[in-house]
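Structure 1 and structure 2 below are two forms of the same protein chain, each written out on its own as structure tokens.
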Structure 1
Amino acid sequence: MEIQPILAALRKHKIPAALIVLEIALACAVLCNAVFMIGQRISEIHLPNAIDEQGVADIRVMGTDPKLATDDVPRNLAALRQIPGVTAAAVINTMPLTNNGWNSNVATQPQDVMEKDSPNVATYFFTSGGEQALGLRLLRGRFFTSEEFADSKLASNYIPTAHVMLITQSLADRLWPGQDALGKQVWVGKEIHFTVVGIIADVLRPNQNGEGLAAFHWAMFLPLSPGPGGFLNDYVVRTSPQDRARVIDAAKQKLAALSPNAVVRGISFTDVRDKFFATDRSMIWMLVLVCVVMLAVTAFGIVGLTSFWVGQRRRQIGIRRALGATRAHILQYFQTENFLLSTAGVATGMLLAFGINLYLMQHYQLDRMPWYYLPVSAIALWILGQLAVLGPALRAANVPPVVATRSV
């Protein structure tokens, strides 16, 4: 089919044509970014976390005297380990996905610690048995020894005095790409460094640090013996999934009895995870609704404007039919016309989508949108346009040749 007659007809209907192009461009821009954001949120929700999420529970004790922690923590841990079904227990400074993060900038050289591109890492301290209580998975090296736990006290700078640490695989890859991190030094300050004794499977940090999904697994673990300070408030209790609810209730009762003036709360880690990602789930449904509404508005807009055109062109269509044009020719004419309008809208929409993505990157720390979102959205809008124009085009194809004579 020749395109020139179609372009000539569109030039006579500039406003309706511009409206369709603008509508498709806006749909393309919104669809690209919305689908990209949905993909990101889904990726976050399904990020792996190498702890025993189904068996771990967090019992938090608040309001105790920090000066008595040296005696209170071992007493509380002994009580928790006596509960039937508890396989391990320890105390930790914070738990993953709790939005209560301890973070430090680290480097492989002391002079690089203060550099702005030094990775920001979640810092976990736990007492003896923490590896078993969390269910950490060792990939290389070893866990901490009992001597390393006993010798590690909290210094005045809130850093344990032990000089050993465990790091996640993602952090090891970030600090020493392509190298083995075992035995390497990690500097937390210009005069504070730790030796990596073990590489563990990726554990999520308490919160994001704004450096993308890869940084969500940057974490280090340090040994610590109970001591005064009052920040070791999270008791990690591990049990089987079927005993979890009963163990949480028993643990709360035991710790409340041992510290009558304290506030004791217990929660399973599965509930911690659900709570952390609740906002992301809401946003996914909202963005899905936006996409559906945008596509529906675009489709109905194409149907409405094309139907209006068909009504205005009945005499022209009748003349074409009288001159020998078949129904297939009329159908092809409107489909080609819609394809040209969709192509103009998609091209404009791609530029608009790229601009919106840059704005979101600068102001909302969104990642750069991969290029393949653009052609996928373009194909979707081309298909949508062809489906939307099909009804009016079929009505146009059914216009009989006699219409041309009636209009004379």
Structure 2
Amino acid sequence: MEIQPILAALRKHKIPAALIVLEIALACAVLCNAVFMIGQRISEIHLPNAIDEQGVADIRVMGTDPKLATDDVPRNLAALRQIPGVTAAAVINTMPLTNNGWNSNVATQPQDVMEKDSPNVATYFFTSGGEQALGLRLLRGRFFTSEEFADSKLASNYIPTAHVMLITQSLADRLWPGQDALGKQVWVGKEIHFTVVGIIADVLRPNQNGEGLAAFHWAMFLPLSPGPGGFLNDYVVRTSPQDRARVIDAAKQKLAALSPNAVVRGISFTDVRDKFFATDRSMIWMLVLVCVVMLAVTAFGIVGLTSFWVGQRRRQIGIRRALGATRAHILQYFQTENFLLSTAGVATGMLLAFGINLYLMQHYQLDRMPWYYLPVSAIALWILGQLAVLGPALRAANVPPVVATRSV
């Protein structure tokens, strides 16, 4: 295929050609960034969380007398464990993804706790059996012993008096990069520190805490025995996915009967997770919708402009056909022309996409777009262009040679 005559023809139609290039460039720029944002949200929604998400339910009992918690908690737990299908139950201060965060700044040295860059970590404390109830996965070290649970009461600063803790793999990597975290000390205050006895697979924290995805897995777990205090509200109950709905109902009824003054709510963890990411999910759908509609509008624009200049060039096409050009030649001509325009558009669009990404990085804490988004959306627009031009090009190919003789 000769490119020279196509370029010559395009030079005669500068404005329509420039419009197609501009349209493709804009579509490319928006598409790159929108697809990138979709990808980021999807990976956020699918962040791993090493608890038994399918089997865990959270029964929350609120509004009981905090002074009676020492007796209430064991009684409630015993009642929950009697429900058929319940394999484990424990009390925890808060659950992942509930937006009810207990956070502390921690450090590997006591003097560093107040430093500005000391990592902010989600703190979980649970009673005996909590690791089974949540389904935590131990990577190295060990879980807590029954003595460690029994010796740990809640102090007036709302930190258990334990001396041991479990931390997530991500937190271990953040605090001691490239080193073994087992046996090391984590400082929570100038006087308070814990020994790391176990490293567990990454568990999500209750909320993101504005430090980006890297910090979403920074969590530590402390042992606790039931004692006075109004905050031990969340009963973690573990069961099989098929028993879950029935167990939640039974648990709510039992605990409500035991504490008639309280407000009892039950929710499966999968619902907790769905709720937490609901806005992200709707954002994804909205971005997908925009991409689809935008591509459609761009395609219609290409169809419109190309059919216009096919119409304009009917005579020229007729002459070419009369001079021996086959239908395939004519088809090829318009497809090559569109390919050239798309290429120019995509090249401009990539620069634009990069610029938009820089702007978003500055204003919306977005990451840098990986390079492979550019070729992928380039290919998408090439295909779109070829498909859009197909109709008008076929119509052009069907122009009979006789047109040339008729209208001259």
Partner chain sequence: MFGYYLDLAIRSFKRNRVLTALMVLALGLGIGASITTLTVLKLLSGDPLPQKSARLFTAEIDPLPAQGYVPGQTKPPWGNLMPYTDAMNLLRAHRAERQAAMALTQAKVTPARAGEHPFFSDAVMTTADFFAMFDAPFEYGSGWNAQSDDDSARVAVIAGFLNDKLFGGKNSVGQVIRINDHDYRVVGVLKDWSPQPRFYAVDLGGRSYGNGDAVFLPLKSARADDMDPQNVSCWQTADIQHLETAPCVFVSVWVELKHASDAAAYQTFLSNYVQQQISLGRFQRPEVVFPNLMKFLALEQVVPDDARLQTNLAFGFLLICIVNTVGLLLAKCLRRSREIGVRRALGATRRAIFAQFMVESGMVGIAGGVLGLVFAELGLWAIRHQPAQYAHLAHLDVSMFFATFVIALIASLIAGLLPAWRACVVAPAPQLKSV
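Whichever C-alpha set is largest while still superposing within 1.5 Å between the two forms counts as the rigid core. Each residue is numbered by where it sits in the sequence of structure 1, with counting from 1. Since the model is a prediction, treat every value here as computed from it, not as a measurement.
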{"item": "Chain form predicted on its own: structure number out of two", "value": "1"}
{"item": "Co-membership of Lys67 and Asp202 in a rigid part between the two structures", "value": "yes"}
{"item": "Whole-degree angle by which the smaller rigid part turns once the larger is superposed between the two structures", "value": "15"}
{"item": "Thr326: CA movement between the two structures [superposed on rigid core, Å]", "value": "13.2"}
{"item": "Rigid core superposed, the C-alpha shift at Met37 between the two structures in Å", "value": "2.6"}
